[in-house]
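Presented below, as structure tokens, is a lone chain in the form predicted on its own.
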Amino acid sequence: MSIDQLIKEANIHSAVHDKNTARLVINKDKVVDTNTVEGLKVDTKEIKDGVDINISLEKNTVVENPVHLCFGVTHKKAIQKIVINIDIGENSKIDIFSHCVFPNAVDVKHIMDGKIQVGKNASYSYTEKHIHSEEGGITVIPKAKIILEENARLKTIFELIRGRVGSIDIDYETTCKDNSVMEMTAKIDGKGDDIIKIKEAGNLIGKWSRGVLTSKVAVRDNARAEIYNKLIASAEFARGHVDCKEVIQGNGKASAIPIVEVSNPRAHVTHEASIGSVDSKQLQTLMSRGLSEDKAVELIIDGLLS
């Protein structure tokens, strides 16, 4: 598959042809396209089976257009390692769209190891969209350690938008200092014999820090999901919430372990978890309007993951 086809799969044509939009396109262990903008520095180094990336945003810098990262493997069998360090300067703002594209995967492993530092009064959002093959021959192992300085803002979204999950094992941990805000969301639809593991943790160590961990997962056929979300509040007036919703169909199996830990009497953390089949009333309503049971289930699951 050529670079043009990789860009087509990720649907980033406009970004690639816009000189005012920063981007980085990687196929396996090769940097095939790059562009940057004022105030944003991107350094890359090819390593065995992957790429080492350093991204830094200068202080007092607002990147107007979303930055596009495309990590792809167009081979049927391969290993891709992405080592990424991101440093967002004080009073700065950036939105990153990360496109992880594995359309031909039969036996592909994608490993990401990230370290992210969001400076004082800075804002960082990271939307990670995955495109997989229909064979489910992909193993995805993303890990990240994130630190939010005073009054920093973080928003992350992880979602599979096409293809089978295969096997995915997410492990993200965020530390929140004074007045910082964290929102982390994962939305995944598992089929066949897919395996979904999500482990997200938030450490609310700063006064008035806030955090929300949200997981929305569907498993059907023989797919399995294990969700482990943890919020720890140790500072005055820290606030947090863990929300996990899982829908099972067929022989799917799901487990949810929301953990909240509070060690300061002025902190407050809540949690909510639900696991079960699709709502029967919703199903009956949609079927009464002429939808088949299968199509009605798909529509309900799409609503959950939207």
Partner chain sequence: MGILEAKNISLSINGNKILDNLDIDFWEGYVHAIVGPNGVGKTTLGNVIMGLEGYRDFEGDILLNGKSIKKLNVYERAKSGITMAWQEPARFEGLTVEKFIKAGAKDKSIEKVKDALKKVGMAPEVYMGRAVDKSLSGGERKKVELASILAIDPKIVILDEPDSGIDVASLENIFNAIRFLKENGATVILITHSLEVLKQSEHAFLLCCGTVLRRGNVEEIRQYFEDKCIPCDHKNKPEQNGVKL
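Rigid core: the largest C-alpha set superposing within 1.5 Å between the two forms. Residue numbers count along the first chain shown, from 1. Since the model is a prediction, treat every value here as computed from it, not as a measurement.
Missing here is the form predicted in complex with its partner chain; even so, the following discussion is about that form.
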query	finding
Contact segment among 258 to 266, 62 to 70, 35 to 43, 274 to 282, judged by heavy atoms lying within 4.5 Å of its partner chain in the predicted complex	274 to 282
Non-hydrogen atom within 4.5 angstroms of its partner chain in the predicted complex for each of Gly192, Ile248 and Lys253	no
Contact of Ser292 with its partner chain in the predicted complex (heavy atom, 4.5 Å)	yes
Heavy atom of Ser14 within 4.5 Å of its partner chain in the predicted complex	no
Touches its partner chain in the predicted complex: Asn20 (any heavy atom, 4.5 Å)	no
Asp4, heavy atom within 4.5 angstroms of its partner chain in the predicted complex	no
Sequence-ordered residues of 286 to 301 touching its partner chain in the predicted complex, heavy atom within 4.5 Å	Leu286, Met287, Ser288, Arg289, Gly290, Leu291, Ser292, Leu299, Ile300
Threshold 2 Å Cα movement between the shown form and the other one for Arg289, core superposed	yes
Displaced residue check between the shown form and the other one: Ser280, CA, 2 Å or over, core reference	yes
